[in-house]
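The data below hold one chain only, encoded as structure tokens and taken in the form predicted alone.
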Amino acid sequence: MHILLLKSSRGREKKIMMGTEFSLIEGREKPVSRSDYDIFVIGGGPAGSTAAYLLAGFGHRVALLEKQKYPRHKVCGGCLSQKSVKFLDRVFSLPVPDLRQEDLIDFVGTTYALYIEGTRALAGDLAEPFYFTRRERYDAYLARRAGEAGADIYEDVEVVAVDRAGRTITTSEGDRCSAPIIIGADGIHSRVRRSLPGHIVDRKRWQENLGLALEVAIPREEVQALAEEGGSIRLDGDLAAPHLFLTACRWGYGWVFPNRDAIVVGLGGLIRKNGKGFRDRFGEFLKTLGLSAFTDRRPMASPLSFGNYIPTPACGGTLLVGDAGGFASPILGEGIFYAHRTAELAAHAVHRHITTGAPLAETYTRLLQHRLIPELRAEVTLRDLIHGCLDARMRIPIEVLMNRTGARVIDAVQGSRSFLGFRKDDSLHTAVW
């Protein structure tokens, strides 16, 4: 028996017993000997913190392991759509005034602009605003909330190996510990995902729908001082509106998102469609915006979920949530809401499994299939239509589509409509049971 001694963010040490054995009884796993935790949550972003917060609130013993120290940077536009804001209100009791009070809202976008091939195709006021957050603040706050709910938060603890069958994880220090349930919230490079059997993850589909995001934050005063008049696209003078650029790259888009003290310029698209010249394309994108003075700044880069969600991301006592399972918007790559929602579904599946014996993987998969997968599937269909037409230089049908359905597409992005026929739909926001 090996003992792992960890120190949680709340300052108390925890001894985790190693070598716990498991037996299969009546179709589900039960621990033969006691471990210190019911659930390990690997990864402390919005998905991991949401799962830990809910499960600790249900009364379960939860450890959340994050490989970095808070606050840590994440390549992300930081956009909080209305569906994310509604989630935070419903689950964390964080209405917009409280988000402001906690300094989690960095900027509010009340207008927007959408470009196709350098031409402004749509622009106007938003019925409901987009909010923008700073991920270093957002993620640290949510982890703190999980700790306050009763989860033990371990920072600077990297999980380097996962034994799914043995329900065991190994840290970078060489320590091994076990728990009946492991939730993989460890992002696009997930080690938990790599521990799952081959029939769970379609590796070819995963790679075909994997994107890359490049991003740089430029202080506002520098933009105002160094922006050039020669760019083919003129940003709004006050740099207050979120701008989207559909043809900034193939099968993806460029963005300029406002923050309080900076603008965030990014480019994201499918890797297989853009090849090795993606970084050069980012420089060209900056030039079109009149920002050639900043082409020497090395952008942050990160792989991006762009339609490669895993329909059945569970096996035995192991579940995937958020980017680890490829859950993000197939059109915009927005991941924050999908991180929260998949974590909520996973937490309820775990709670039902522990309290009633319901099969864990089947319960989680059923919730995903009912609550989320049809929406993602419909969004992939729309993504393929839009970028297929743009690839074929069929710009006019896309402009007609946007002009006729633009408001409904925005509603779908915000979460008040479904991408399935753009009908009104609240299933993204309702409680699980």
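In this text, all values refer to a predicted model and were calculated from it rather than measured experimentally. Residues carry their position along the shown sequence, with the first being 1.
There is also a form predicted in complex with a small molecule; it is not shown, and the following applies to it.
Mark R100 yes when one of its heavy atoms lies within 4.5 Å of a heavy atom of the small molecule in the predicted complex, and no otherwise.
-> No.
With the cut-off set at 4.5 Å between non-hydrogen atoms, does A146 touch the small molecule in the predicted complex?
-> Judged by the heavy-atom cut-off of 4.5 Å, A146 is well away from the small molecule in the predicted complex.
How about R191: is it within 4.5 Å of the small molecule in the predicted complex, going by heavy atoms?
-> Yes.
4.5 Å heavy atom contact, G252 to the small molecule in the predicted complex | Residue-level check for G252: no, no contact with the small molecule.
Does each of V201, P311 and V380 have at least one heavy atom within 4.5 Å of the small molecule in the predicted complex?
-> Not a single residue of the candidate spot has a heavy atom within 4.5 Å of the small molecule in the predicted complex.
In the predicted complex, which of the stretches 71 to 79, 242 to 250, 106 to 114, 227 to 235 has residues with heavy atoms within 4.5 Å of the small molecule?
-> Contact-bearing stretch, as computed: 71 to 79.
Contact residue in the predicted complex, from L304, I181, V85, L291 (heavy atom within 4.5 Å of the small molecule) = The residue from L304, I181, V85, L291 that makes the contact is L304.
Which one of L196, V157, I331, V256 is close to the small molecule in the predicted complex, taking close to mean a heavy atom within 4.5 Å?
-> By the 4.5 Å heavy-atom cutoff, the listed residue in contact is V157.
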